[in-house]
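As a starting point, one isolated chain is supplied in structure tokens, in the form predicted alone.
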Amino acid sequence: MLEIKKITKIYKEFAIKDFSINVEKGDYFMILGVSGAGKSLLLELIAGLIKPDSGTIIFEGEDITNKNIHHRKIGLLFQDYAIFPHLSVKDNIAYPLRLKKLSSAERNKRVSEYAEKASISHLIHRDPSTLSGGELQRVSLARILAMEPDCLLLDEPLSSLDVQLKEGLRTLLRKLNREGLTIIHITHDFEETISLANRLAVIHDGTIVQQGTPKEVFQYPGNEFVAKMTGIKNFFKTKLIKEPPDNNATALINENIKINLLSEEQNCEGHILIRRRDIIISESKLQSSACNNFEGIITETIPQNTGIEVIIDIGVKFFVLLTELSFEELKLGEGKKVWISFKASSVRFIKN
């Protein structure tokens, strides 16, 4: 449906370089990256607000690289809503329909239809100044849907909303996608990506560093940046060594920390990752099937929305995620000596 081929755009002191992705009809395609990575610039290129310096954009089989925004069946939802403050909700939604020279009756019918899709029928006669952020976002979405785009571009639509409003808008976006609308959504939030995307690309400094399904990217990050971007904090550069006589695999960190793991790779360099939830904290060394046991000191504890993150220094810093109940039962705190343990099967090796 949408094919971006080697797009390059130099903008002020920033550049998108040789950017290529393929978005199939019906995809919910996420572009994940930190602020300043080039995500918004990419959406503006797809929408036609700016033109690339080189490369090609193909949409539904047609080269639209240099086409004006009004000649692309693509809708762009801005982060800041872009609502007309002097128009009612109804007139905001109807605005793009006026350009189609529809009759008043047909316009009213479509306004009602798209207001219902966005779950704002009860707000139709309200003034924008009386609406919440979540309501304004839905009005903006309804106005774009009224344009009947074949592809919807979303510029961090959930970033300014509270938890309850985010979930409501996520539900709406899932519904629109299930109904067949192709969506390209940029975000810096990996949890948002997990909950919505069927495909994604990770962008860093104007370049794609990895793309695939969420499972492929989140379970097999290709480098340290992708690992950290996708919420994996225990990611270490290592040497993989097969030790005789059993030829067991060991990952060596900083030449002195040995991690047992399962791997078919032979002696080589790469990275290992261990998920926070796969690590057990105890007050003494455990006698268990976990063959990786290390003593360390807690350097920091950080509340998270899913529990408490505990940072433990064993020579390198390990991040562990505990429930609040486990944290309290173990009486953990900064400066306390503890043991961490994890199974060899919990360690994933990525060859360089």
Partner chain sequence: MSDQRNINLLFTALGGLVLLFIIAPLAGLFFSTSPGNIIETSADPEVQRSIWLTLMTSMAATLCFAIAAIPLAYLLAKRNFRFKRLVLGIIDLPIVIPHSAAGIAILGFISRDSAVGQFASMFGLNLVGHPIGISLAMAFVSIPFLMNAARDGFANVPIRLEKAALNLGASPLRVFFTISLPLAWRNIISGLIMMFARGMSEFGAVIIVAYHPMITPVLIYERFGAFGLKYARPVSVIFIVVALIFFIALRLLSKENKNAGNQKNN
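Numbering follows the first chain given and starts at 1. For clarity, every value in this text was computed on a predicted model and none was experimentally measured.
What follows is about the form predicted in complex with the partner chain, which we do not show.
Student: Can you work out whether the partner chain is within 4.5 angstroms of a heavy atom in all three of Met30, Leu176 and Leu181 in the predicted complex?
Tutor: Not a single residue of the candidate spot has a heavy atom within 4.5 Å of the partner chain in the predicted complex.
Student: Heavy atom to heavy atom, is Met147 within 4.5 Å of the partner chain in the predicted complex?
Tutor: Answer yes; at least one heavy atom of Met147 falls within 4.5 Å of the partner chain in the predicted complex.
Student: May I ask you to check whether Pro128 falls inside a 4.5 Å heavy atom distance of the partner chain in the predicted complex?
Tutor: So Pro128 counts as contacting the partner chain.
Student: Looking in the predicted complex, any heavy atom of Leu99 within 4.5 Å of the partner chain?
Tutor: Answer yes; at least one heavy atom of Leu99 falls within 4.5 Å of the partner chain in the predicted complex.
Student: Considering only heavy atoms, tell me if His86 and the partner chain come within 4.5 Å of each other in the predicted complex.
Tutor: Close contact exists here: in the predicted complex, His86 approaches the partner chain to within 4.5 Å, heavy atoms only.
Student: Under a 4.5 angstroms heavy atom criterion, identify the one residue in Tyr95, Phe236, Phe218, Phe225 near the partner chain in the predicted complex.
Tutor: The residue in contact is Tyr95.
Student: Of the residues Leu240, Leu158, Leu76, Ala197, which one places a heavy atom within 4.5 Å of the partner chain in the predicted complex?
Tutor: Residue within 4.5 Å of the partner: Leu76.
Student: Just to confirm the contact call: exactly one of 164 to 172, 261 to 269, 181 to 189, 67 to 75 touches the partner chain in the predicted complex at a 4.5 Å heavy atom cutoff, so which is it?
Tutor: Heavy-atom contact with the partner occurs in 67 to 75.
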